[in-house]
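Considered here are two forms of the same protein chain, supplied as structure tokens in two stand-alone entries, structure 1 and structure 2.
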Structure 1
């Protein structure tokens, strides 16, 4: 049985289609990433699954039950994007409050809260008011509150937002641990690298639609591409290689060869050796998830506005610089 099952899901806010016929399945024990630009509909889909936002049409099931029921929400953890904890709570008191809403008894709360705060590195600040926390600490607390009650499914909307690189690595390790414990984790993000590093499967969303799904390996292995450099001053015999049936592109430093199905780079290397060219380097340039994402966004935008592409590039660039 799928943990999450969404069929032909539509959501309309006023005159805007936030989701346009989305269908996806998430199997138990996976870390599933939903990748998309701001406004792609990622958060809306999670909110529908949690019953925060109502469905316009279609079906959404969580743990085999219609999404959003009280019973299902007991078995789910959630970290919303741009969350705002009441500043009058301490980390501990907030988790006690949420634990009471989940129906946890006091003994369980005390044990699990201490463990969870320790896991996210907030054990020493558990009794401090949240209003004294940094952004990163609030994010860690947010992650703690999403799993401290032992849920089967955890939804994390931009979990590494505001967290420093060391913290991000810790979060990735934490998610891996939670996955090893058998939990299903659903991550919304526009941080391409994060998704690539932590997720088993990825769905790419654009303007309310899922444009591609698959494992990270599947998505990034779609095209084989090699970069070849020759000895300085030696021009690359592009015409000869093209005559062998290969796609060739060159820039100032390297020549890039894209393989078609059934082709091998060895054919090119053998040809170059036979012709006496001195090779300086051969490197497989695997397509990153970012390349895939950009390509898909560009395809989706082609023929209409290019603004989306520019925004995606800008976002991507900003994230890389973080």
Structure 2
């Protein structure tokens, strides 16, 4: 059974579509990353799964139950993006407070507090006021709060945002530890490198739509793409290479050739040599998650523009007919 299953999910706020037909599945024991720009709809989807926001249409299931049911909420941990713990609390007193909300008795809370603070690296600062904590320490305490009641699924909204590189590394290691304990972790982030480093599977979201899903390895797999540079001042014969059936893109320094199935870069090199061009370099390039993300966003933007033009034309035609 999937831990999370979302089918054709829509959410509209007034005249704004925050989610537009989202569908995805998250399997047990994964660190699943939802990657997208601010405003893409990531937090809205998590709030729907937690029952904080109502669905406009579609279905969302968490641990086999409709999202937001009381039974499911007890089995889920959550760290929102803009959390703010009272500075007068200590790490220990804050977890005592949350433990009481979860219905834990004092003996269980005391035992669990020691374990949780040790896991997140705050054992020596548990009795310090939260107002003395760094951003990274507050994030680690927030993560401790999210798994304090031993949930099966943990939702983390931008868990490393604003944290220094050392803190981000520590949080990634912490999430790996929680995963090894058998938990499923759902991470929202706009930080591409963090998603690439910590997640097993990724969904890329743009303006309320899922535009690509896959493992990090699948999304960043090497494509047949080469970068070619010629002698200084020599223009690349793009039209000739395109006439051979190749996809060609150029920037100020290099020309990029992406091969279709059955094509070989040797054909391009042989053509350039035959025409007397002097090659400075040929290198195969691998796409990073950032490359994939930007490419998908650009394609989605072009598609949105085309849809907008079609809608505008349709509206204009309707008005003329009226």
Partner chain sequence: MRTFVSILRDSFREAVDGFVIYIMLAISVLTIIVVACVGYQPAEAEVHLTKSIKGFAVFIPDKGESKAISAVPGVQYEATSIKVNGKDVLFDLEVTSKLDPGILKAGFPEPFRTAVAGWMKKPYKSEKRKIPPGVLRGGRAGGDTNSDATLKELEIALAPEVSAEEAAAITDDQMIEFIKNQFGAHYGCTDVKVRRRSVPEAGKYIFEIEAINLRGSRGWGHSLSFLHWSLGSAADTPLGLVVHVIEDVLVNGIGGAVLLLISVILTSFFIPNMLRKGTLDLVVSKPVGKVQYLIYKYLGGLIFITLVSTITIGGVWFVIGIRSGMWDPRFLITIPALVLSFALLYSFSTLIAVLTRSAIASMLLTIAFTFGLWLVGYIKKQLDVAKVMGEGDLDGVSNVFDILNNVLPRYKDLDKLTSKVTSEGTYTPILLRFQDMIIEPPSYFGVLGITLAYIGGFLALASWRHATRDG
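Residue numbers count along the first chain shown, from 1. C-alpha atoms forming the largest set that superposes within 1.5 Å between two forms make up the rigid core. Just so we're clear, the structure is a prediction, and the values are computed from it rather than from any experiment.
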Identity of the form predicted in complex with its partner chain among structures 1 and 2: 1
Shift of residue 80 between the two structures at or above 2 Å (CA, core fit): no
Large Cα shift (2 Å or above) at residue 121 between the two structures, core-fitted: yes
Rigid-core frame, C-alpha of residue 209, shift of 2 angstroms or more between the two structures: no
Core-aligned CA shift between the two structures for residue 270 (Å): 11.6
Backbone CA shift between the two structures, residue 135, after core fitting (angstrom): 3.1
